[in-house]
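A single chain comes next, written as C-alpha cells; it is the form predicted alone.
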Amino acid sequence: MAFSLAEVWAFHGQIRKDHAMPTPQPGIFAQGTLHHRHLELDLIQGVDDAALGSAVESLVELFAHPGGVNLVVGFGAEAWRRIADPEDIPDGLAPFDVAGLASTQHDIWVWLHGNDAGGLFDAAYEVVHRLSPVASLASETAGFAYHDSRDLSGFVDGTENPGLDEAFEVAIIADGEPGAGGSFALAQRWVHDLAAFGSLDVAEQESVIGRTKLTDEELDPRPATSHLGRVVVEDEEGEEMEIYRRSVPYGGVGEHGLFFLAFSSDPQRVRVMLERMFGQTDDGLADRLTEFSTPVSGANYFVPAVGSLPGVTS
C-alpha cells in the first residue's frame, strides 16, 4: 500500500526532529505506487538564472498535488550551481561519466509517481508547462509496478534495499555537510532482451541474478559473476556500500526494460557498482546480467532538500 502524502511528510517531520537536519523531498521514500513518469529536460540557451529560479519555484506547490501525486525534482550539476546557495552544493556533484556507458546528461529531472494514471498525466503535463519558459522536454519514460514488485525478468527487484529508516541514512547527505538533506540520484534506462534471458532454464537464470526466482532467496554460494555478486560491495572496513533503489519496469511489448533509479549520500558508491558490473575493476569480472540488459541512458542529478529549493523557507 502506498504512503499518503500526509504520512510521508509526518515521517520526514519525525526524521528531521530526530536528526536535526533539513527535510528531504518526501517523494523519494513514498513507496507502493503503481504508476511512474520520469521527465528529463534541457535548459533553453540564453535563459538567465533568475528566470530559472522562478520556474523551479513554480513547481513547489505541486508537492501537495491534489491528485495524490508524489513529485521529486533533481538538477544536473551546472543547473543546480546556477540557482543554489553555496552551502547547498554538495561535494562530488558532476555529470554522469562512467567509461563505456551511455551518458545522456540533462539539466532537470522530475520523477512523478502515484496510483492514478490520469492524475499522473495531468501533473506531468503541468510540470512541463511550468518549466516551458526555461527548459524543453528531452526525454519521457512511463514506468509501472509489475506484479509483486518484480522486474520484467520475473525476479523480485530491490530485495537488497534498506528499510525505510535505514534508507534515510543511506540516501541523504548528513547535517553539517554541503547539500545536507539532499541526495545524489542516478537515472538510467536499461533495455532488456527478454527473449535471450527467457531462453535460459530457471536454474541458469538464477545463477545470472544470484537469487531464486520464485522464493527470492539468495544463492549460497553466490556466483561471483551474478548480478548480486557484483553489486553487493563492502568497503575497506567490511561494511556494505548500500544505495536506495527506486527502479521500475517500463515499455511495451516491442521495447521494454528497467528505469534504474538509485539514491545515495555518496555518488562514489553507485560508480563502484557500475564499474564492477562492467568488468572495470582489478578482478576483471563482469556482471552476467549485462549480457541480457543494456543501459541506453545515464544521468546524475542532485535532489536538494525541500528548504533548499527556490521559494521555500526552512
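Position 1 is the first residue in the sequence shown; the rest follow in order. None of the values given here were measured: they were computed from a predicted structure.
The following text describes the form predicted in complex with ligand HEM, which does not appear among the structures shown.
Student: Within 4.5 Å of ligand HEM in the predicted bound form - does that hold for a heavy atom of every one of D157, H192 and I243?
Tutor: Yes, the whole trio is in contact, each within 4.5 Å by some heavy atom.
Student: I'd like to check something about V231: if you look in the predicted bound form, is any of its heavy atoms closer than or equal to 4.5 Å to a heavy atom of ligand HEM?
Tutor: Yes, V231 sits close enough to ligand HEM in the predicted bound form that at least one of its heavy atoms falls within 4.5 Å.
Student: Decide whether I209 counts as a contact residue for ligand HEM in the predicted bound form under a heavy atom distance cut-off of 4.5 Å.
Tutor: I209 belongs to the contact set for ligand HEM.
Student: If you check in the predicted bound form, is L41 within 4.5 Å of ligand HEM, heavy atoms only?
Tutor: No, L41 is distant from the partner.
Student: V56 near ligand HEM in the predicted bound form, any heavy atom under 4.5 Å?
Tutor: No, V56 is distant from the partner.
Student: Which one, F263, F29, F260, Y250, lies within 4.5 Å of ligand HEM in the predicted bound form by heavy atoms?
Tutor: Flagged contact: F260.
Student: At 4.5 Å between heavy atoms, only one of the stretches 157 to 165, 134 to 142, 110 to 118, 170 to 178 reaches ligand HEM in the predicted bound form; which one is it?
Tutor: Stretch with heavy atoms near the partner: 157 to 165.
Student: In sequence order, which positions of 166 to 188 have a non-hydrogen atom within 4.5 Å of ligand HEM in the predicted bound form?
Tutor: Going through 166 to 188 in order - heavy atoms within 4.5 Å of ligand HEM in the predicted bound form - there is one hit, Q188.
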